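Given next, in structure tokens, is a single chain: the form predicted alone.
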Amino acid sequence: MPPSLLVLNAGSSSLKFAAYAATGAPALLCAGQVEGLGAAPRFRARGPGGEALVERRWEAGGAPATHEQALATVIAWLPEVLGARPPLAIGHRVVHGGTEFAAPVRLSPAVMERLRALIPLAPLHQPHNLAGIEAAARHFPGVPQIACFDTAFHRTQPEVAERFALPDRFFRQGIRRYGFHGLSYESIAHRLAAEDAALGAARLVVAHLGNGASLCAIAGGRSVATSMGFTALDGVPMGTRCGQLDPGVVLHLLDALGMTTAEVTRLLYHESGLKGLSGISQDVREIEAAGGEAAERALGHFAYRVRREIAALATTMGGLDALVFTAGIGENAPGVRARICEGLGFLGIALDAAANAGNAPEIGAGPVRVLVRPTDEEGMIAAHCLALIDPTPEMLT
């Protein structure tokens, strides 16, 4: 068996993983997840061609219930694919790197302490990311653990894009626009540059549209501006998150309606977005199937906000060469893409209806290219791990 790299992405109730052969360019061996932690857990994995390798379910309340138990489940199965040899390194998606971490970093107790200090900036993500790291360190003592940050790709943005219109002391205290989904955007930028040097140098707006959604202006492979800000609440509406909101609304909820901060947090993170607008679901497929006024309200508002963000981001680059859709909705929802692109003809954006309906890689019919590309955050993490550990030839045999 070749030496391998393991990538972990710990969420609130899931542990996603992927394993790669540690070759010149990491080659996918398997990918999967343990989901439903603490509820009705399900473990599944697929091979590089999408073939099913394992599928297992537990009754409600059954093990695995924690990230530690989920990782133990994955580790017990992995030798079937990787053999008994431990991975050369384990890469982790960490949502927030703050102002300090602008590149992947090898983890140490000191680094972990600095990452824990960022939990208030990403309360729904950071604790689970760190729990996955701690579980992996216990299972694989001595194996390098490497953190790759969703915020790092955006550290190339100019200061004018990072600032809020607050007194300077708050900016110096770290209250600024960080941006998220950076590993996804970096993956898309690398993929397009490998496909076509012109795309690598182009002015792109990439729309990462999934349960979490944001957009990013990328010029010459570098982040110029993004829709998310200080937290992953900002920007366009998402599955259950509100997106951009007048801060006066929050003050009104607290002062006039007497809501607690915990109640407001739950409202904005878990009860808003497509779920709140539709009253049906956070899943676009279920909303489209339901139809009716509520579905139209939700999908129309979502498309309006994304369309508005595309136009705004284009202004930060002085124009637009290509629009790229990625992530669950971006890659698989032609109806939503059509809604978004309607009315963007003034930017040179038009759709080929047949290509869009078939989720083709190129769906544009105007001077600005419109592309659909899969994102590969795990592959990006694996590449960063391999570069950071810089293995010797002996380690690769």
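Counting begins at 1, following the sequence as shown. Quantities reported herein were computed from a predicted structural model and do not represent experimental measurements.
Quick note: we don't show the form predicted in complex with a small molecule, though the next part is all about it.
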query: Counting only non-hydrogen atoms and a 4.5 angstroms cut-off, does residue 332 reach the small molecule in the model of the complex?
result: yes
task: Please run the contact check for residue 283 against the small molecule in the model of the complex: heavy atoms, 4.5 angstroms, yes or no?
output: yes
message: When the contact criterion is heavy atoms within 4.5 Å, does residue 87 count as touching the small molecule in the model of the complex?
response: no
query: So in the model of the complex, does residue 366 come within 4.5 Å of the small molecule, heavy atom to heavy atom?
result: no
- line: Answer key: of 343, 328, 38, 48, within 4.5 Å of the small molecule in the model of the complex (heavy atoms) is 328
- line: in the model of the complex, the residue from 104, 212, 229, 243 with a non-hydrogen atom within 4.5 Å of the small molecule is 212
query: Using a 4.5 Å heavy atom cut-off, which stretch among 187-195, 146-154, 159-167, 320-328 contacts the small molecule in the model of the complex?
result: 320-328
